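A lone chain, given as structure tokens: the form predicted on its own.
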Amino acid sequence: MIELIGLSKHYDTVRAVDDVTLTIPTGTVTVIVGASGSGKSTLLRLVNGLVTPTSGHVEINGRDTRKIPSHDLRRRIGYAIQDHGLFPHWTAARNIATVPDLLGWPKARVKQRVQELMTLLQLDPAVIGARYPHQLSGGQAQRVGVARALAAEPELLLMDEPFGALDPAIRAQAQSDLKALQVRLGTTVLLITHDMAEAIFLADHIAVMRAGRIEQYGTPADILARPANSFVSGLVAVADRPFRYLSLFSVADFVEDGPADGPPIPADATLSEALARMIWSGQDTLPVAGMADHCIRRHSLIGVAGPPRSGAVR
């Protein structure tokens, strides 16, 4: 468990981070979302010790990070940034091996870890490992950056706008890759974005930040259905909110008995994907792949999306 306790950073009269208290459960993805200048990146640097707090502190599994030697703290916290920050004159494999090499891991263990992570991230070690950053696509470079951040088996992975420089198609795939990787490894992730759609897709919990403070902290469903104030509500357009809410559920959770015509939709597709396909095709039902005589019905999806329950957004 990662705990931020009364964390603040002041620069003269500017309160970049102002008394933030936050608990990040082990093995979950917490996303901090907010506009530029809200204090998100400063908060991340406070967590990994790159910035010294004015007050407050961070604890990892009950241990105050101020009492952890800096080299040990670096091992326990991985860090991935928007432009991936790869060393240009080192190969992809050597970039990934950076922290294990600094920690003095045996060469055989380093090589095994590099190959393991490259394989997990769909990077062929025999092909991509020998390439230099300028020879990589944007998506490949981003995945190498994530692999480097994970190389020393950190307890916490910090990610500062990791997909911001990618084009939309590659960005969507990178988000899906990260989600699958996090589930497989069980790594605790603290990620920054200004994109609420990205936050909703990736997060177990979302912290909405403004002017150095946390406006609301909760699950994506809580943020969508019960925003704490008009600022939080304004991060998702009213017209988009039902579709974002539907994206939190999978088709498999809402199948019903009954046949349907047309190409089947995967059981792990989101309800928003199912509704979009129905609207596009003009169908009221869709068959579900691998589930004979079962379908997803349009009226069921509309029931999930609205009307809102008491206390929900209207």
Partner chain sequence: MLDRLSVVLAVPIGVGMWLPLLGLRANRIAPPQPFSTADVFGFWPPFLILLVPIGLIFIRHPLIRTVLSMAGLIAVLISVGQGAVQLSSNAASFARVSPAVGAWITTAGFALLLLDALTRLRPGPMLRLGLLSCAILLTSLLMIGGAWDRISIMQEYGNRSTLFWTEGQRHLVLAFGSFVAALLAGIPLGIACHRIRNLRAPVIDLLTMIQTIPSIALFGMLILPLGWLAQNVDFAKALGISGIGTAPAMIALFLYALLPVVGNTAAGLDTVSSHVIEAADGTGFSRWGRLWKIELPLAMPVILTGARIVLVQNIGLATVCALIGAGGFGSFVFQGLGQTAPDLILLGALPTVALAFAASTIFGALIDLSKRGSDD
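Numbering follows the first chain given and starts at 1. For clarity, every value in this text was computed on a predicted model and none was experimentally measured.
One more form of this protein exists, namely the form predicted in complex with the partner chain; it is left out here, but the text below deals with it.
- Note that among 191-199, 104-112, 86-94, 227-235, the stretch whose heavy atoms approach the partner chain to within 4.5 Å in the predicted bound form is 86-94.
- When the partner chain is considered in the predicted bound form, only one residue from 135, 219, 173, 119 comes within 4.5 Å through any heavy atom, namely 135.
- Checked against the partner chain in the predicted bound form, the candidates 285, 42, 48, 30 yield a single residue with a heavy atom inside 4.5 Å, and that residue is 48.
- Although the partner is absent from this view, residue 243 stays clear of the partner chain in the predicted bound form, with no non-hydrogen atom inside 4.5 angstroms.
- At the 4.5 Å threshold, heavy atoms of residue 98 reach the partner chain in the predicted bound form.
- At a distance threshold of 4.5 angstroms between non-hydrogen atoms, residue 210 is out of contact with the partner chain in the predicted bound form.
- Remark: residue 71 counts among the residues lining the partner chain in the predicted bound form, judged by a heavy atom distance of 4.5 Å or less.
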